[in-house]
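Take a look at this single chain, the form predicted on its own, given in structure tokens.
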């Protein structure tokens, strides 16, 4: 158990590139930090630059990427962190494998589908990746030339369209509080941000 009397857990954000996974996770991390909750964000882009720099984007490499990230998340969660994972993780089988590994280890796994429609992600296109994928410059791009398998039964389906990251984080915080993984946000605190 952590100092706050709560075990660690993994919150796994899955969704298309540009859906808002990292932005919402960082906002949630700030909320949890105000509570004194130990958190760590495992960002897919950061992990691809370091730990998983040897992996490409074949189906096999994507599966191995998710497996490795899941193992790191499990280690951090066992160390009493609320681990926020932001990876596309396009295939249902990989996410299910990570979930089962957590369950066998007695660590909670909360899957959050950041369900931003493809056209909204393309309009955002913060890194210009969709434009490049449509131009044929990027092969096997999730949502364009490679599949994304949405979760069938995630714990949370999070719509980000027309919402602020803070609103999305507040929704997730309420879910985590209901699971006794965080404290509820005090009334009126959203207006103080």
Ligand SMILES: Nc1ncnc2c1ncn2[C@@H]1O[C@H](COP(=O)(O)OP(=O)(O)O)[C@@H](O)[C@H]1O
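Since the structure is predicted, the reported quantities are computational estimates derived from the model, not experimental observations. Numbering follows the first chain given and starts at 1.
Just so you know, the form predicted in complex with the named molecule exists too; it's not on screen, but the next bit is about it.
K.L.:
Within 4.5 Å, heavy atoms only, which of 163, 48, 140, 38 is in contact with the named molecule in the predicted complex?
P.N.:
Comparing distances to the named molecule in the predicted complex, the residue within 4.5 Å is 163.
K.L.:
Check residue 24 for me: does it contact the named molecule in the predicted complex (non-hydrogen atoms, 4.5 angstroms)?
P.N.:
Close contact exists here: in the predicted complex, residue 24 approaches the named molecule to within 4.5 Å, heavy atoms only.
K.L.:
Under a 4.5 Å heavy atom criterion, is residue 168 part of the interface with the named molecule in the predicted complex?
P.N.:
The answer is yes: residue 168 has a heavy atom within 4.5 Å of the named molecule.
K.L.:
Although the named molecule is absent from this view, report whether residue 176 comes within 4.5 Å of it in the predicted complex, heavy atoms only.
P.N.:
Close contact is absent here: in the predicted complex, residue 176 is far from the named molecule, nothing within 4.5 Å, heavy atoms only.
K.L.:
Does any part of residue 147 reach within 4.5 Å of the named molecule in the predicted complex? Heavy atoms only, please.
P.N.:
Looking in the predicted complex, residue contacts with the named molecule do not include residue 147, since no heavy atom lies within 4.5 Å.
K.L.:
Name the stretch: of 55-63, 122-130, 30-38, 147-155, exactly one has residues whose heavy atoms fall within 4.5 Å of the named molecule in the predicted complex.
P.N.:
Of the options, only 122-130 has residues within 4.5 Å of the partner.
K.L.:
Relative to the named molecule in the predicted complex, which residues of 7-41 have a heavy atom no more than 4.5 Å away?
P.N.:
Counting only heavy atoms within 4.5 Å of the named molecule in the predicted complex, the contacting residues of 7-41 are 16, 17, 18, 19, 20, 21, 22, 23, 24.
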